[in-house]
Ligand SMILES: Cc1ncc(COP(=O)(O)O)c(C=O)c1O
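Next up is one chain by itself, shown in structure tokens, the form predicted on its own.
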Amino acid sequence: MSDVLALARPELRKLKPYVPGDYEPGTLRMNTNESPWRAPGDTTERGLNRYPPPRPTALNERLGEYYGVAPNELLVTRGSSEAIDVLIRGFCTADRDSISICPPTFDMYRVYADIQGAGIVRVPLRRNDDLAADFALDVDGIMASIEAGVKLIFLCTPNNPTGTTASAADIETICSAAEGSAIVVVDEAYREFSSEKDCRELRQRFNHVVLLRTLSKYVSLAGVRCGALIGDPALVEFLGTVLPPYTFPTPSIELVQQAMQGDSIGVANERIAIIRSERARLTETLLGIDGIDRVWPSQANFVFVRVKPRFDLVDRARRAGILVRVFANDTTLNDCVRISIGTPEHNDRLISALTQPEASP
């Protein structure tokens, strides 16, 4: 295997990380300038007057168990978005290095690259009249970006906003080609909603492959902001020096521990089954609405829809008190809408809004 850290910013490889004050259970903490009193109403186990652990070790162990990786292969982040940020900061020098993205895709890759001053090589997904082959990876284009020297390649599967999955063979081809040249970041934020195989086997084979996961959708914790970066231990350790200590707050640690218990996981899996069933029902129903031109097969917890001219899906939904997602930053998606899968009752309400006759002026 190649030295994965050879691709990192050389000045950061020499960075001496901040060393926080020691913590030992049962000791009196007078080394971190904390308040000795709890805040009124604080019912947390640890106490909000105390800093959280520099790294949430207990979560590393629990999430590592869930994802099937060793704790030292996992970095807990504030949502998978923070993982994107720390990867770009760790590997891209401003005004010199670049990332590769495959639009239409998650726009935060672009945002964090712009913040860091990194270049962006766009390799648009391939279009096809066959729904099953539409929005496929342009492998040749991504290969060309590797040859051009990009540092990070972001592949989102299932992809946001299209809901489509990348071919496993295409991902493997890209990973093989990028070895020694670029980090391949496979964003699996929607993996639990997919029937396709995940990329853990590729991560085990290639030390330059990184996986991103999140609990925002799976166990209903979007408000807690818990993500995970899974990678080679040396890469995880390096990114831990770039990420400041104390970033994951005490209430979030305790809530995630509760959510990852057996009963909660059981409820989450039951809800995923409902989401999948409702996704199929909503897709079939939307395809029968005259104003809708296309609904792509989805492996996520949403569907991606193209509307016909003069059918204002967004306005119809809003009049019924429903918000759907539009994409102001991507002019190629002006006629497309992303719709999150709700409860059966929520979905019935949307269908009613889209099928009822328009009132006469």
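From a predicted model like this one, the values you see are computed outputs, not experimental measurements. We number the residues from 1 along the sequence you see.
One more form of this protein should be noted, the form predicted together with the named molecule, which is absent from this view; the next part is about it.
*Asks:* Go through F206, Y190, F238, F248 and name the one with a heavy atom inside 4.5 Å of the named molecule in the model of the complex.
*Replies:* It is Y190.
*Asks:* Pick from R281, R271, R126, R225: which has a non-hydrogen atom within 4.5 Å of the named molecule in the model of the complex?
*Replies:* None of the others qualify; the residue that does is R225.
*Asks:* Tell me which of 96-104, 249-257, 166-174, 211-219 has residues with heavy atoms within 4.5 angstroms of the named molecule in the model of the complex?
*Replies:* Only one stretch qualifies here: 211-219.
*Asks:* So in the model of the complex, does G90 come within 4.5 Å of the named molecule, heavy atom to heavy atom?
*Replies:* Although the named molecule is absent here, G90 would stay clear of it in the model of the complex, with no heavy atoms inside 4.5 Å.
*Asks:* Using a 4.5 Å heavy atom cut-off, state whether Y109 contacts the named molecule in the model of the complex.
*Replies:* Contact with the named molecule, yes.
*Asks:* Wondering, does C156 line up within 4.5 Å of the named molecule in the model of the complex on heavy atoms?
*Replies:* Result yes; C156 sits at the interface with the named molecule in the model of the complex.
*Asks:* So in the model of the complex, does any heavy atom of S81 sit within 4.5 Å of the named molecule?
*Replies:* Yes - in the model of the complex, heavy atoms of S81 and the named molecule come within 4.5 Å of each other.
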